[in-house]
Structures are given as structure tokens and as C-alpha cells.
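The chain below stands alone and is given in C-alpha cells; this is the form predicted alone.
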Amino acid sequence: MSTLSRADTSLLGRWWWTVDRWTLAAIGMLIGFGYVMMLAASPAVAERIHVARDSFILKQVVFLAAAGCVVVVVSLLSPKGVRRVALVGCVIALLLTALTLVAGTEIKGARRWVSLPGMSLQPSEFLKPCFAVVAAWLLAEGQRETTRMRRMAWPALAVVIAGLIGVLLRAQPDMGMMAVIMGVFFIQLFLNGLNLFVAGGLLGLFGVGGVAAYYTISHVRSRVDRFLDPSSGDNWQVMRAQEAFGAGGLLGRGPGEGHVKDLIPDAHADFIFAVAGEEFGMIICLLILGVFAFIVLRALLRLLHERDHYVVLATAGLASGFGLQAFVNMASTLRLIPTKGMTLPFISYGGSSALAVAVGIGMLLALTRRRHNGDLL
């Protein structure tokens, strides 16, 4: 790539000189961390469930390689191309998410997955990036209208789609995914100029929805109760994760020397951050946190001089969704929030997560590419 000349007008040449190469490098670092953490955590998990020691590693190699290709391919798109892909992706993801309710695979009391050869697909993962772009387009179209009724119609359609997504995710149930998607949508509404009183009302509705979820969904109530009062239920996995961070200290026990991966069933997925903390220490954990923060902040800073409202809203939605997912995983592992089964982007095991996050990051890179005069493509 470094041998490409600025005079190269090929598709690849134009992409290389206009894409945000710093963000691309940061994504490469996360994928590298993902490979290392699978080597550290997955063999013990595989042995515990009596499958080949390298089964998770080999699958994740394929998932992450495919994710890297998806990032590059999607980042080649124009903003209009991103919108088209998001529209098609949102429709397909909605249909497949609805399909999980009648023909999905049930795991731990939730129907979120569709079985495919070699993997289970979680369609709602793809709703996060696709709906963020679709919502941005609808809100931006509303800003372009000249009559009040038509200006309200476009955002209203976005709200209807968000409501449909909420109903489907409540039925699965997947309250964590719903919270992230609705949180991203609220951020986009706020950036679109949402009245502060209306914003306060929506936050109040979110609060009411959270209280309703607490009283109507048993596993939500159980997780909140255990978070507020550890003695009220089983906190064994979270306690082992906290002990792992303490045992790792500043520099960690060393690669392969950790014990938490032998104890926690989802050490290669939901609790991968605890494995990193025990084996590689606080410095590597802070580095991982810093890479996530760098990607989000750099995406937002590149919008300071952007004039296209759709690009601003879409990029802000994609960046905030990426950051929120990482925050939920790390914060729940550290017991800063109630536990939630959400993967750490590009680092946790999971094909659906890796590919969906890759689609979102590819869209983000496509939207923040720059022309030679400095404007975004």
C-alpha cells in the first residue's frame, strides 16, 4: 500500500489516499488483539466443552480475516452506496430478527440466533450499523423539506422503525441490544436538533421502559438485583473476573498463565477483557481502552468541518454505537454496570459480532474519507 502514488487514480489508489489510515491502523490493532486473546482464552474453553482445542481459534481466524476484508470492501463505497447497503441490510436484518421469534435457536432462554452451517447468526447485530445509517438518512431528508408536515414525516418514519426494532428485541428478549440501538438513535435525534424538553421526555420514557423491564423480565430483575446487592444471587462469574484483574496487576501473570479462562464458561466471549487483565495486566487493558476511544473520538473530530447533515448523523451514530458496545462489555466485566452478554468488538469470539462490527466500521471509514481538497467524500 505504501508504494501507491498519489497520482494513482485507480479505485484502490483513491481509497488509500482518502481513507483515514490512522483509524484503519487502530482497527488492525484490535483485530491483532483478537487473535492473541483467542490463543490465550479459547483452548481452555474448548477443553471444558469437549471439543478440539483449536476449534475456536480456527473459526475466529476465519471470522476476523473475513471482517478485515469486509472493512476494506465497505469502506470503498460512496456515501450513497453506504445508504443503499444500509437500507437493504436493515430490511434483511429486520426480517431475520423476526424469524428468530418463530424459528430461532434458543440459548439461555432467549431466541436471538438463526442456525447456519458452521455458525449461529445473530441478525440483530447487523441492525446496529444499518439502522444508524438509515435513521441518519431519514432525519437528514426531513431537514431538507420545506413544509412542516413533510419535515415531520421523515423523522416519524425513523421513529416507527425504531419502535418496530424495540418490539422485536423485547420479544427475544435482548434488552442490552435494544438499549444500545435506542441510545444511538437518541444521540442522532439530539444532533438533529431535538427540542430539549422533548429530549427530556424521551429520557423519561427510557427510564420508564427500564423500570418496566425490571418488573416484567425476570433475568433483567435478577441481574440488577445482583448488581445492587451481590449477596442476593449468583455473582460467581463477575467475582472471578474481578479477582482476575487483581491477580494480573500492572503487567499481568504472562501469556498462558491466567486461571480465569479455566473457570468462566464465556471467558472467550463476554469475559475476554478479564482474561486480558489477568494475563497481560492493566497496561494492556488501558491500551485496548485507548484504541477504542481513539477510534470514536477521531471519527467525531473528522466531522467538525463536514457540511453534509446525513454524513454527520450517520458517522456519529456508527461511532457512538461502536463505543457503546465496547463500554457495555468492559464495564460489565469490571462490575460498573449490571452484567450483559455483549461482545468486545473484534476481540471477543463471535462471527456475527465480528462481521456486523466490520460492516459498521467500513461504513464509518467510507463516510469519513476525504477528497484531495480536504472535504469528506
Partner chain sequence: MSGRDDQREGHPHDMAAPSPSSVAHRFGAPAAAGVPRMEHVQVTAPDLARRAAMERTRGRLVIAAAGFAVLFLAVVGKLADATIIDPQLPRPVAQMRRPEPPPPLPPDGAIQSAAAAASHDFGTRVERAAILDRNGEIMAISLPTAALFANPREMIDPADAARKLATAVPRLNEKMMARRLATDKQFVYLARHLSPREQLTINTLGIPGVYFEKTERRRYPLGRVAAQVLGGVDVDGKGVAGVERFFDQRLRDEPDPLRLSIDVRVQAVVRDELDQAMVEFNAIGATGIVMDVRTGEVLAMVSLPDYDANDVGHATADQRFNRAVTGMYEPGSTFKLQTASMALDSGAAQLWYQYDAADVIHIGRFTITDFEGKHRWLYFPEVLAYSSNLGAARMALSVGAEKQREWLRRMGMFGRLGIELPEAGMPIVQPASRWKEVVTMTVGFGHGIAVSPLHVVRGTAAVANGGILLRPTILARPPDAPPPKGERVMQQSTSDIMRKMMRLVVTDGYGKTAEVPGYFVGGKTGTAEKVGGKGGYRKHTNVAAFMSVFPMNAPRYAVYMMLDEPKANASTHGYATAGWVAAPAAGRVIARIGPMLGLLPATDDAAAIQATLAVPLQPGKPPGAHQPPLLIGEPSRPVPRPPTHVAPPARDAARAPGRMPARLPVMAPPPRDARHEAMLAPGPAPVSGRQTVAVR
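The structure displayed is predicted, hence computed values, not measured ones. Positions refer to the first chain, counted from 1.
Omitted here: the form predicted together with its partner chain. The next part is about that form.
Contact here is defined as any heavy atom lying within 4.5 Å of its partner chain in the model of the complex, and by that definition not a single one of 69, 114 and 362 is a contact residue. Heavy atoms within 4.5 Å of its partner chain in the model of the complex map, among the stretches 129 to 137, 84 to 92, 279 to 287, 71 to 79, onto 279 to 287 alone. The partner is absent here; in the model of the complex, the one residue of 168, 182, 220, 263 having a heavy atom within 4.5 Å of its partner chain is 263. 297 is the sole member of 157, 205, 297, 212 with a non-hydrogen atom within 4.5 Å of its partner chain in the model of the complex. In the model of the complex, residue 336 approaches its partner chain with a heavy atom inside 4.5 Å. Interface residue remark: residue 59 is not counted as part of the site for its partner chain in the model of the complex, having no heavy atom within 4.5 Å. Using a 4.5 angstroms limit between non-hydrogen atoms, residue 323 touches its partner chain in the model of the complex. Looking at residue 249, you'd find a heavy atom of it within 4.5 angstroms of its partner chain in the model of the complex. Of the residues in 235 to 251, those that come within 4.5 Å of its partner chain in the model of the complex through at least one heavy atom are, in sequence order, 239, 240, 242, 243, 245, 246, 247, 249, 250.
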